[in-house]
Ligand code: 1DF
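This document starts with one chain, in the form predicted on its own, laid out as structure tokens.
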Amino acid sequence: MVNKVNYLRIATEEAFLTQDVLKGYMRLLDDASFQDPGFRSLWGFYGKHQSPRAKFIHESLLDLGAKRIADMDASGIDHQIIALTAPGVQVFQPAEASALAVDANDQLAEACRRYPTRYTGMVCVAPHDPDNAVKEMERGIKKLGFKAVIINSHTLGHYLDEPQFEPVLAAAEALNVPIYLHPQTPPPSMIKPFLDAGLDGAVFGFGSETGLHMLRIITGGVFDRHPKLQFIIGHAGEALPFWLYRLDYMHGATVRSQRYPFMKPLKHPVSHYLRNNVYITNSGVAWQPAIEFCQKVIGVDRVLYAMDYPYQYVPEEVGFCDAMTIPDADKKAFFEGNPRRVFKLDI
């Protein structure tokens, strides 16, 4: 039985998939010339494996109707913020990626129209096709009513601090919407030691790669160039909050040493950007010590609830978070107040 509470439970990192994107994934898996071992590990499992976990996730990703709503009701989730699952369209070549993004956004928008009190969408784009990405961001936010942009970490091994992605960052700042930096498997240049030990996925590889990406964005000066730009990262901040002291110290020491000519001074310490330009969700971490720590070091107003459906669908976890012994006001901000404000929800 779901507990009654005095707040809405808004889950802010929930995934879906279209049949056309899935067909594209299957085509890449069948193409021997496509060399991305992380993608093959991830979608070779979720796309083709017959285990109960793989089947549940496969079926749930494709459902934006009765099954998803029933799972939300069973766990006590009132509203989902939904985005195209990793690696999104970013694994395809630019023209195909942009076309698939438009179609996926249209399908998600239709689901949001059918269930306006239950779903809100994030617009997916092809960052490696920046002109079309900007157009799709504008369409998704202004026409389809989406409230954020989803980027599934690296795009064919390239990171958002690189200059070719500058139009995408500028557009998000101009549109005043956050970018959700969602994990995917490490790129070929990084993955071997993870894959060799079976640690390439959510168990460790995702967080390592996405934490690296967020840190590159900070140390690359993105927020000095775009001070109003906001990002969201999941999984208790991909471990970055726990490194805060050392990040500040060692980044400052490295800059002063002039060890790397390309590493330039920032206007603020690393921790400043994490506290002012980055929101954190607890997706997949229904654990009070981690949630409370993030609230203390990043700010109560910057930590949001997420389930990570369907990858980590544990209906009882909502109750775990309901039962946290933190101030009631902080708990309400976590579940409802912060998601309402960050995603500008009018539900």
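Heads up: residue numbers just count along the shown sequence, starting at 1. Because the structure is predicted, anything quoted here is derived from the model rather than measured.
Same protein, other form: the form predicted together with the ligand, not shown, and the subject of what follows.
For the candidate spot formed by 42, 182 and 311, every residue has a non-hydrogen atom within 4.5 angstroms of the ligand in the predicted complex.
Taking 48, 53, 67, 296 one by one, only a single residue has any non-hydrogen atom within 4.5 Å of the ligand in the predicted complex, and it is 53. A heavy atom within 4.5 Å of the ligand in the predicted complex is found for exactly one of 86, 229, 217, 81: 86. Using a 4.5 angstroms threshold between heavy atoms, residue 247 stays clear of the ligand in the predicted complex. In the predicted complex, none of the heavy atoms of residue 156 sits within 4.5 Å of a heavy atom of the ligand. Within this chain, residue 213 is remote from the site of the ligand in the predicted complex, having no heavy atom within 4.5 Å.
Although the partner is absent from this view, residue 191 stays clear of the ligand in the predicted complex, with no non-hydrogen atom inside 4.5 angstroms. This chain is displayed without the ligand, yet in the predicted complex the stretch 198-206 from 104-112, 162-170, 271-279, 198-206 comes within 4.5 Å of it by heavy atoms. In the predicted complex, just one residue of 9-23 lies within 4.5 Å of the ligand by at least one heavy atom: 13.
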